[in-house]
Every structure is written in structure tokens, then in C-alpha cells.
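First, one chain by itself: the form predicted alone, in C-alpha cells.
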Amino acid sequence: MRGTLAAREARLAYLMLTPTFVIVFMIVLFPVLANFWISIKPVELADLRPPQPIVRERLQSEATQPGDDLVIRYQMRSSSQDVTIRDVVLFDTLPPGLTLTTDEPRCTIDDRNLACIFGTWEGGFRENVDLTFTTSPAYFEAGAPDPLESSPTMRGRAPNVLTNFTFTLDNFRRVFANPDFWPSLRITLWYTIFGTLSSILLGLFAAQLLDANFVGKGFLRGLFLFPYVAPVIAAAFAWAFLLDPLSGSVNAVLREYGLVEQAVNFLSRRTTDIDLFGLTIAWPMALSVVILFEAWRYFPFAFLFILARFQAIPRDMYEAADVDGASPLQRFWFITLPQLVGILSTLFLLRFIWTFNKFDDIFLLTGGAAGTKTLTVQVYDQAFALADLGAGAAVAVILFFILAIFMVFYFRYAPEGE
């Protein structure tokens, strides 16, 4: 009896959760599955619009009195150069008082409705059909209406590359064979790792500064949130203006103090040579600026979480450390840092995922040029710049698997209990 009741309660629970499951599937799982589907199909951007017959009509001759002939030309073509369209039919509504006199077996008139059945069209099909109509007094009694007032329509059936069962791995082959893929993957990892760590470290430093009690603390905390709440397009263009080699303030200050002789194009220069202990290092200039922008824009997110965790650390632990004569560095290392391990690991997970998928920051700053093309920018280039939607989806699937591998390692080696 108890087992039956538990089963009924379980069924009721699943029934009540069904709307939630449906919403999650539609919002989260369906786009992911659709991306997987597109990645193994030969889909280009133009294939999103299924092939269809197209028609335009022109009036070849007009009628001035009853008995005159009126000729309408229908210019028809297929929107596809290689896909067959079946069951092609033309529909049009004609003015009253017109009688079809052209010997066209494919066309019939029922009352004022014209229907022409053209059957199957091969790719690239084109045809002009001239239909002659004899006018009657009823046509002129109706005010000789414009025969082209009613626009013709066409209907046909064509296979859709998105819904058929033709699959291929060519998209992945092209992606891996692309000479830009592996450099983009390396740049993505550098950008993600250093951007994530920089934003967390900067947030930790800001939280340390604003954890103390002083006048204006609330104002400064709100001010520190500005980079995160500012619109990304405004922040990116502000940075681009400040770093502009001709009119930017950064170059003006550097030249004023003699730090550089010529203006530096921070966002368009791939590398710059730096002498370090006798070694010349090709420093990635544009990528470093993009990483710096990432750290500056998203450190408030880490700052909020870390500051909240700071407030929860018992103060008597610090008081006991002061009694024992612990230095500030020892207090941070043995008290603060262990208390922050959980929130820092969570921040690293979230920021790593978001930074790895970040597109708008890089696209607005550099467009992926000067050694800053990440895999997300490559998704855009493949899908829209090159109109290869399948290859773009394949790159997105690769991104998904890389993140999945990262999450497996993260949850395997994350601190216990965090």
C-alpha cells in the first residue's frame, strides 16, 4: 500500500514538474541540440531560406474598348540553382470581364481565380508565360481595373537541408584543417585563463581595500561597480578612444613623459619587442590589451562575491591572530585565503565559462584582428562572414566539448566540500 502511494506521489510530482522540464528544454537544451544537428549537416547561410518559386507579372498590352486583347506576362524562376521544386502552382486573381483566350493547357480560370500547374522545376529553372485575355463590357463597367492590382502567388515543395537526413563530418574536417583554428584555440585559452585570473585577483585586491571601515566606503563600493554595469559597447568604444594612436589620451601621456617616441597602436599591433635580461620577447600587444579590458570590466563581479564572503569571516579569528603576533601576510595566508577557497573556486568556474564564450568584447575592440581571434570570433566568421553555417556550428560544438572537459576536471579536483 505504501509503495503504491509513493508511486502515485512520484507520478504527481513528475506531472507538476513537466512545465518546468518543457521550458528548460526549449530555452536550454533545444538550442544546444539544434547546434549539434546543424554541425553535421552541409548547411550554408542561404540554406536557411528554403527554395521557392518566384513570380513577377507585367502588363504587355492594354485594352481600350470591349473586345480588345489584354496580355499579362508572368516571369517565373526558381530561387535555387541546384534544388528541385515539386508541385509548382501559380495563383492569381483577375478583374471581372476577362476571358482567357491563350491556348495554355497548364492554366485554368474558375470565376476570376487563375491557377496554373507547372509540375516540377529543376534548379535554375526560368520561364515566361504570356496569357492573353479578351475584355468584355463588364471589364469596362467595373472601371477598367488594373490587372496587376492583385499580386500573383506561387506554391511549391522543396527539400529542406535542415530537416532532411543527410549528414556529414566535412564541417569538422574543414574546421580542423583551417590553419587559423589551432592559433585561435591557443589564443582562446590564453585569453580565458589570464582574463579569468586577472579579474579575480583584481576583485580580491578591491575587496581587501574596501573591507575596512572608513568615510565614503559606500560611495567607493558603488563606484567600483561601474565597469560591470556600464554598457559593453560604451565601455569598449571608450577604451578604443583612449587608446587611439592619433587622438587617444594614453598615447598623449606616454609621449609627454618621454616613455615612447611614436604613438603606439595598442589595438592593431600584434606584438611588440621587449628586452628582458638580455632576451628579446615578442609581447602580444593587442591580446594583452584585450585581457586587461576583460579584467577591468569584470573584476566588480568577483569583488562583490569576495567582499560578501569577507563580511562572513568571524572577526575573533583576526583578533586571536593579532594576539599571537601574526603579520598581515600571515593573517591573509592562514585565515583569509582558506575562508575564500570556496568562493574563489566558484568564481573561477563561472568566469572561465563566461570568458571562454566571450565574443562581444573582442569583436568590439579589435574585431579579432592583430592576434586576438578567439574561437567565438571564428564561429562568427565561419557562420556569417563566410556564410558557412555548418562550419560555424562545428566550431561551437568544439567549444562545448572543451568546456565539458574543463568542467569534468574542475568537479573532479575542486576542493572537497566547496
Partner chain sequence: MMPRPISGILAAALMGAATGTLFVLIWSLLATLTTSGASSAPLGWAFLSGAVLGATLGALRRGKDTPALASWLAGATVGLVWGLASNGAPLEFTHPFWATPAAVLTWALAGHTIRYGLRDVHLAAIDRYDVERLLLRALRAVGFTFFITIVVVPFWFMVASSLKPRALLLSDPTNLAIDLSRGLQELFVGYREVLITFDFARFILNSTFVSVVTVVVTLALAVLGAYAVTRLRFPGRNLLSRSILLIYMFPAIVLVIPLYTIFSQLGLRDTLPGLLVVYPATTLPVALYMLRSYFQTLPKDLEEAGMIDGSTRLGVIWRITLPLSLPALASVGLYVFMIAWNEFLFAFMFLDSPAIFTLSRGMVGLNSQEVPRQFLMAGAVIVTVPIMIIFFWFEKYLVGGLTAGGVKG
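It should be emphasised that the depicted structure is a prediction, and the values quoted were computed from it without experimental measurement. For the two forms, the rigid core is made up of the largest set of C-alpha atoms that agree within 1.5 Å on superposition. Residue numbers count along the first chain shown, from 1.
Just so it is clear, the following notes concern the form predicted together with its partner chain, a form of the same protein that is not shown.
Enquirer: Although the partner isn't part of this model, could you tell me whether Ser327 comes within 4.5 Å of its partner chain in the predicted complex, counting any heavy atom of the residue?
Expert: Ser327 belongs to the contact set for its partner chain.
Enquirer: Going by a heavy atom distance of 4.5 Å, is Pro31 a contact of its partner chain in the predicted complex?
Expert: Pro31: contacts its partner chain in the predicted complex.
Enquirer: At the 4.5 Å heavy atom threshold, is Ile402 in contact with its partner chain in the predicted complex?
Expert: No, Ile402 sits far enough from its partner chain in the predicted complex that none of its heavy atoms falls within 4.5 Å.
Enquirer: Does any heavy atom of Ala144 come within 4.5 Å of a heavy atom of its partner chain in the predicted complex?
Expert: No, Ala144 is distant from the partner.
Enquirer: What stretch, of 160 to 168, 144 to 152, 312 to 320, 267 to 275, brings heavy atoms to within 4.5 Å of its partner chain in the predicted complex?
Expert: In the other structure, the partner sits against 160 to 168.
Enquirer: Contact check in the predicted complex: Gly222, Val253 and Trp296 versus its partner chain, with a cutoff of 4.5 Å between any heavy atoms. Do all three pass?
Expert: Every residue of the candidate spot has a heavy atom within 4.5 Å of its partner chain in the predicted complex.
Enquirer: Please identify the residue among Phe91, Phe241, Phe176, Trp283 with any heavy atom within 4.5 Å of its partner chain in the predicted complex.
Expert: Contact with its partner chain in the predicted complex is made by Phe241 alone.
Enquirer: Which residue among Phe305, Phe348, Phe172, Phe118 has a heavy atom within 4.5 angstroms of its partner chain in the predicted complex?
Expert: Going through each option in turn, the one that passes is Phe305.
Enquirer: Could you list the residues in 204 to 234 that come within 4.5 Å of its partner chain in the predicted complex, counting only heavy atoms and keeping sequence order?
Expert: Read in sequence order, the residues that approach its partner chain (within 4.5 Å, in the predicted complex) are Phe205, Ala206, Gln208, Leu209, Leu210, Ala212, Phe214, Gly218, Phe219, Leu220, Arg221, Gly222, Leu223, Phe224, Leu225, Phe226, Pro227, Tyr228, Val229, Ala230, Pro231, Val232, Ile233, Ala234.
Enquirer: Rigid core superposed, CA of Ile402 - does it shift 2 Å or more between the shown form and the other one?
Expert: After core superposition, the displacement of the Ile402 C-alpha between the shown form and the other one stays below 2 Å, so no.
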